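As structure tokens, one chain now follows by itself in the form predicted alone.
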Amino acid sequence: MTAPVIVVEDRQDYALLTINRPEKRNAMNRQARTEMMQALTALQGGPKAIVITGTGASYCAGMDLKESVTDREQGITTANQEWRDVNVAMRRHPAIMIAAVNGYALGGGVTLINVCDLAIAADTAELGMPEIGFATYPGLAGPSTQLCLGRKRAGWMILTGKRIDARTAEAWGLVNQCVPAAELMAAADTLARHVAQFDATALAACKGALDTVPAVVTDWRQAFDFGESTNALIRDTTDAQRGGMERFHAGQRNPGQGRTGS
């Protein structure tokens, strides 16, 4: 049997998904796409956070272009749809997705960062979209970056094909934090465990809200109404809000409360 290329580890408070194709710079071939979708499905209703990282010097080099060329020669045209489905599944998944960017993230690798809710990058990582060199618009990395960045910064990546380093990615807002490479997984572990202390229903609702305002709701009054309805939905689903208020009135700290938010 072929060895798995998406390695799933149960870290108790969260799940760690590692792309294990270092000899192919962790490019997403059909096996990787299938296993990633299977892992996301299996983790539905499980851990509150999922960390995604790569093996070796690359985070993810995007789609496996050699396989894609072979597919086209054989009349197989499902690769892009499969990859799109994986990324949409990550956005719709109730768990908080955290990218631990250990190395090069190119093309679809940038998409794999953008669809995550939070991202930490090693200071040795580089992000880029080489598609313009193939006379191609980056079909997923382009739109997802344009949703995250202003026009000039997105244009720099799409129109020049030049890579940006992790410090620049942090300054631009493509990742939340840049840390020394040796500290990356420890930082991702700390962040995932911090997120996992919160109520699952509230986390999923807040994740959904990030995609709704301002992408769908842009009017201020509608946005405030949306905030109220989101909290009403949380209250209808879990007693966590009531428990939080009871702890507060009793002088007890809630998860994340306090100066350090620990």
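Keep in mind it's a predicted model, so treat the numbers as computed, not measured. The first residue of the shown sequence is 1; numbering continues from there.
What comes next is about the form predicted in complex with coenzyme A, which is not displayed.
Per the 4.5 Å heavy atom criterion, coenzyme A in the predicted complex is contacted by stretch 106-114, the sole one of 142-150, 183-191, 166-174, 106-114. At the 4.5 Å threshold, heavy atoms of G54 stay clear of coenzyme A in the predicted complex, well away from it. In the predicted complex, coenzyme A lies farther than 4.5 Å from every heavy atom of E35.
Within 4.5 Å of some heavy atom of coenzyme A in the predicted complex lies at least one heavy atom of L65. When contacts are judged by a 4.5 Å heavy atom cut-off, G161 does not count as touching coenzyme A in the predicted complex.
A heavy atom within 4.5 Å of coenzyme A in the predicted complex is found for one listed residue only; from L40, A61, A202, A49, this is A61.
Only one of the listed residues (D239, E9, E23, E246) places a non-hydrogen atom within 4.5 angstroms of coenzyme A in the predicted complex, and that residue is E23. Contact with coenzyme A in the predicted complex, defined as a heavy atom within 4.5 Å, is made by all three of A27, P130 and F134.
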